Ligand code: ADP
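Only one chain is shown below, in structure tokens, and it's the form predicted on its own.
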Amino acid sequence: MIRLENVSKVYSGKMGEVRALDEVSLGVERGEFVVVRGASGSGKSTLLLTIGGLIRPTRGSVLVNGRELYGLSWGEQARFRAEKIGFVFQMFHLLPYLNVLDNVLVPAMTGMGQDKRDRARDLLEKLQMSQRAQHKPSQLSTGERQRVAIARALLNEPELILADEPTGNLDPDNAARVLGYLSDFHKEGGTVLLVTHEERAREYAQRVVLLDAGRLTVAQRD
């Protein structure tokens, strides 16, 4: 599902070069649940966004579902992300002026039909958010906002979910609930790559990859 070969991302600034990723090679098979753990600043988010086609690497190859992402045009990349990948972020990135239902429908804005609305409502029911469908994000708890973000990520029935510190702002109960939803997606055949600094995520993973200063240090399989 995911193949990275010698991927590096180097940022240049007044203080010199910063290597966010340093010759990273990684494979994730279809249907795996893989957690990338590391301290803040280790390169986890850069790795995830590179895999998602949102940060172009300085060098190396990024294949997702057999496609070389950075060989695609901007429009092709956008369509590929919309069709194949769901994103879940720590800060939710919900649109404050839209209600919950419309936030879930954002990925379908260019092709929204009744089927998408029905799926959005079904997802909100599954995530126990139906009663909040007409609320704005400001009226939700942090745990509820993350559940809306998960519903949004699932709307287009992606094959892969990329999750960036999805439990970072949550209390233990809500964190366990969010990890459980990601685990459910995995059990239904989906592929999950989750980056985090937290230990608890390893309970849900088939494999844990450790990243330190942009370098892959060790991979563990339970």
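This is a predicted model, so every value here is computed, not measured. For every residue, the number given is its place in the sequence shown, counted from 1. Rigid core: the largest C-alpha set superposing within 1.5 Å between the two forms.
The discussion below concerns the form predicted in complex with adenosine-5'-diphosphate (ADP), not included here.
No residue of the trio 123, 133 and 152 has any heavy atom within 4.5 Å of adenosine-5'-diphosphate (ADP) in the predicted bound form.
In the predicted bound form, adenosine-5'-diphosphate (ADP) sits within 4.5 Å of a heavy atom belonging to residue 43. Of the heavy atoms in residue 24, none are within 4.5 Å of adenosine-5'-diphosphate (ADP) in the predicted bound form. Among residues of the shown chain, residue 209 is not one whose heavy atoms approach adenosine-5'-diphosphate (ADP) to within 4.5 Å in the predicted bound form. Exactly one of the stretches 153 to 161, 182 to 190, 27 to 35, 44 to 52 approaches adenosine-5'-diphosphate (ADP) in the predicted bound form with heavy atoms within 4.5 Å, and it is 44 to 52.
Residues from 3 to 29 that approach adenosine-5'-diphosphate (ADP) in the predicted bound form with a non-hydrogen atom closer than or equal to 4.5 Å are 11, 18, 20, in the order they occur in the chain. Superposition of the core reveals a Cα shift of less than 2 Å for residue 30 between the shown form and the other one.
Once the cores line up, the CA of residue 197 ends up 2 angstroms or more apart between the shown form and the other one.
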